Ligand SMILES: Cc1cc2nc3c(=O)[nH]c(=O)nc-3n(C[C@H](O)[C@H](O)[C@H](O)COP(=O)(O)O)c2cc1C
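Single chain ahead, by itself, as structure tokens, in the form predicted on its own.
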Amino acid sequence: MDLIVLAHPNADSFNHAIASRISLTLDQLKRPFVTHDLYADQFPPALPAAEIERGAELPEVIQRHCEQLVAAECIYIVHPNWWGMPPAVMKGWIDRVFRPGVAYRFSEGDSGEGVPCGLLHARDAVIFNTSNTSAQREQCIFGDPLDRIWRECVFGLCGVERVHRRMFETVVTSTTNQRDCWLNEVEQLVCEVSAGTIEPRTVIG
């Protein structure tokens, strides 16, 4: 099973178009998948204190997300670049679902101060981002913090070694033809990742 997680409040956004193309492509490839539109689902992002400890009793919706994350062979993430970060609801999804004992663990005798061991079984993670910042400004001035967040701080820490990322910019000035070309790139990347014929990389532009 593959997992698609989308975070954008506007149902007419290009992010939604990306998620739809991923779904269509996986369907054509006859790969089973689950999609979560975090805004449409009204996912509750705030992590309560009672959930912090490993082994905590979880609400049904969080338990279901955890089980799907563990079962995923490939994880697709779709969201805009907001202040060099994912939208708050996406960050909340990470906080509540990438749990100790689910996405990572600490060695026996480690009180949490050491380096965690990743537990996710996913072969690949694919992140699609959109931005209204030019590629040159994103890389030269901001240093592309989203790449570090997803590649190292989230998936790298949790055991997913093959991380692919595509940033589409500049969306606000893009044409219909440009967006159509981008969606074709989405389809191609999904096909290549599903077939295992592409090496991990980040592309901005």
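Position 1 is the first residue in the sequence shown; the rest follow in order. Computed from a prediction, not measured in an experiment: that's the story for all the values here.
Form predicted together with this ligand: not shown, discussed below.
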Residue 84 within 4.5 Å of this ligand in the model of the complex, heavy atoms: yes
Query raised in the report: Could you tell me if residue 25 has a non-hydrogen atom within 4.5 Å of this ligand in the model of the complex?
Result: no
Determine whether any heavy atom of residue 194 comes within 4.5 Å of a heavy atom of this ligand in the model of the complex, and answer yes or no. no
Check your understanding: So in the model of the complex, does any heavy atom of residue 163 sit within 4.5 Å of this ligand?
Key -> no
In sequence order, the residues of 1 to 27 that place a heavy atom within 4.5 Å of this ligand in the model of the complex are 8, 13, 14, 15
